[in-house]
Ligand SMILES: Cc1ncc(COP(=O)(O)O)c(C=O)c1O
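Presented as structure tokens, the chain that follows is alone, the form predicted on its own.
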């Protein structure tokens, strides 16, 4: 019965090879032709319902027919975070080696939760974690970490660890400090962990969107006077909105003096440690107790891949280790790490493989060049915009993020009119599907935000997009004002 059933769930060797080659062809063509594709694949609910409404498929369908359907109707209707004109949120440049590595890890269906589940996979994750520990000047002998689905899970794991180490079982009076530019995943993590709103201190930022040191000190002092327990400062190294980096050295000094846990959320900005300029911006990050970094950003890995690093791996095992009876035979000895003891997941995929294989294949210097290129490209864009009479820089190039708005000098527009104008530009650019460029809010202004971490993006790509923005802006203004025919 078993053999008969499995025959219904398998392909022959020849069919598997033909099917696999077809998928590789699709992926190779995708990577090779990204520049020619639309960056945006948005469809409304009605369009998607019309395209995909179907009954439960009880009967078999040809594997090639299903693949053709997915290639034609699904993959053509999605946003492409690896596209050179995908400027919004945080692009996901990815790379072919890592994509193929993920296929290997999935194909072999490797369980990466314990040493006994796969010693080689576990050792490879340890090696990869050690590379990152060394990169951020964390101690190799005592330090540790774990690959997660992304920065959200890494931050949750870090804060759970901080609470365990600093508060034990009772965290009713504990207070945590983070800036108004901290990533939303941290607020989610704090809520999931059971903290109340009254235990969270949102510290205002300065004009450069960095945590105010004086206001942080005031908040800690006030809480101590009120008999509360300050336990953790969450600093940001690469704010999603602006790329800003909190003053890490000063915050580390405060955390040491006050005996607080210092977690640095470097999910976005951590990868710039590869560049000389990045090392200067991240001065002080080595003093953190824990650190989040997302390899699926600056290390150009496919989703999903985040990472948490800690200065003492025992903090993780003391926080997350459980000893159920059904795992008693796979515990191993103390030198054999079980990653299910270092985080929330028991069943874990082999995430380390794509990082390991791509770094080994291309070499770390290639990743360094990619980071340096992106930093320089964003600075070049800033120079370009400052020479124009149409654009105003709101937040300068920082960690490959720049915020600006269309504010032509020969029109007197109110703040409300400027907000509507820049919202219109974003809407028209996205509707064109040629690029993804959305707005954010800074200093109560609607601004356009570009994140340029994709090494495939060229200065010509950026110029073409800026020119298109100007065209949409001029048409919009012509409809509203009696203006000269000459282009702004």
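Residue numbers count along the first chain shown, from 1. The shown structure was predicted, so the numbers you read here are calculated from the model rather than taken from an experiment.
Not on display, but discussed next: the form predicted in complex with this ligand.
Colleague: Taking this ligand in the predicted bound form as the reference, which of 185, 319, 112, 378 has a non-hydrogen atom within 4.5 Å?
Modeller: Looking at the other structure, the residue within range turns out to be 185.
Colleague: Only one of 151, 271, 93, 145 comes within 4.5 Å of this ligand in the predicted bound form by heavy atoms, so just point that one out.
Modeller: Looking at the other structure, the residue within range turns out to be 151.
Colleague: Check residue 122 for me: does it contact this ligand in the predicted bound form (non-hydrogen atoms, 4.5 angstroms)?
Modeller: No, residue 122 sits far enough from this ligand in the predicted bound form that none of its heavy atoms falls within 4.5 Å.
Colleague: Quick one: is residue 338 in contact with this ligand in the predicted bound form, heavy atoms, 4.5 Å cut-off?
Modeller: Outside the cut-off, so no.
Colleague: Using the partner position in the predicted bound form, report whether residue 297 sits within 4.5 Å of this ligand, counting heavy atoms only.
Modeller: So residue 297 counts as contacting this ligand.
Colleague: Would residue 179 sit within 4.5 Å of this ligand in the predicted bound form, counting heavy atoms only?
Modeller: No, residue 179 stays farther than 4.5 Å from this ligand in the predicted bound form.
Colleague: Pick the stretch from 191-199, 235-243, 171-179, 137-145 whose residues have a heavy atom within 4.5 Å of this ligand in the predicted bound form.
Modeller: So the stretch in question is 235-243.
Colleague: Residue by residue through 258-282, which ones have a non-hydrogen atom no more than 4.5 angstroms from this ligand in the predicted bound form?
Modeller: If the 4.5 Å heavy-atom criterion is applied to this ligand in the predicted bound form, 258-282 yields 265, 267, 268.
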